[in-house]
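Only one chain is shown below, in structure tokens, and it's the form predicted alone.
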Amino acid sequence: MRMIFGMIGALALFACAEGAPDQSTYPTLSGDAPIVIAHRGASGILPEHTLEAYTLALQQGADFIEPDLVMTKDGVLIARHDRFLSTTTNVSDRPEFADRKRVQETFSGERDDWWAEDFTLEEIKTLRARQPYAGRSKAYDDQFEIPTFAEIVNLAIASGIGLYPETKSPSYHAEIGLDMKAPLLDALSGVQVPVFIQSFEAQILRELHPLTEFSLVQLISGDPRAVMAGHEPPLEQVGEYADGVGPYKQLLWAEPGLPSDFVERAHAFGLAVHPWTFRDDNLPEHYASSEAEIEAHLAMGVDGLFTDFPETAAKLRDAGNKR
């Protein structure tokens, strides 16, 4: 395992000094308590991928903040879940950008939208973030900037929270002359907080493997199209270049209430398991509560989990660790 696991151990020792239990009761790969990864920040409460959402996640007990990364026209990494901007920014209300809207082919088909790679950083900085999920508060829409990855790294360094960046569509960016690897590694140069680098595309992780000591995580959706494209190889191959896997949480179950052997197989290959995404307001019907869903996954030995509501997961993890 790379240096991240040693750094997580150091964080565990710090937690013990603060009065937390000194040994996990969960069957994780390392024996440490599972980590709580704030999915796009505390995105269940505030507009996702903003410094404010990441700061709230830190206050709620998250161990890591997760910035999804895309690139601007001038080659700067910014935090957006998608390359298109209409769902998470106010770009549609900006008449000066009306002519930027265009049809683009995506993994899910054609989409008519505004695309991050058509904007300079200066232009991106004039936009404001919005909450994309129906049913979540819009009270903070149009208040917060879109942050650069450099700004997020500075926040993590200042606060001591871990970083869990994801490279979004790296092969597409490379095709249009925007290589994500160099700016990603440059931004992380000298960083001493724990870091995982994740992607759905295996190729960029293979390329990063000899270039960095930070741990790498292969995301796994289970989508047959991704498997056929070679983006998501089987677990036995993932261990050749990565230290963990981030599976869609349904892959951990053979059927509702009956765990699959996914966690056991991943651990056998030395891979940490960080499933996604747990949401207090979007509960699978066979769970009585979000707490019950999280506890079921913690009990099977996952090494961490992605959540839009880090406070819920952190409290459950800490309570279970004290049993």
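Everything numeric here is computed off the predicted structure, so don't read it as measured data. Note that residue numbering begins at 1 and tracks the sequence as displayed.
This protein has a second form, the form predicted in complex with a small molecule, left out of what is shown; the following refers to that one.
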- Note on the structure: Assert contact residue (the small molecule, in the predicted bound form, non-hydrogen atom within 4.5 Å, options 101, 136, 130, 168) equals 168
- Task: Could you tell me which one of 52, 68, 280, 293 places a heavy atom within 4.5 Å of the small molecule in the predicted bound form?
- Result: 68
- Message: Partner absent here, but in the predicted bound form, which of 259-267, 54-62, 284-292, 34-42 has residues with a heavy atom within 4.5 Å of the small molecule?
- Response: 34-42
- Message: Since only the chain is shown here, I'm wondering whether residue 276 would be in contact with the small molecule in the predicted bound form (any heavy atom pair within 4.5 Å).
- Response: yes
- Message: in the predicted bound form, does residue 309 come within 4.5 Å of the small molecule, counting heavy atoms only?
- Response: no
- Query: Would residue 219 show up as a contact with the small molecule in the predicted bound form if we use heavy atoms at 4.5 Å?
  - Reply: yes
- Is residue 198 one of the residues lying within 4.5 Å of the small molecule in the predicted bound form, judged by heavy atom distances? yes
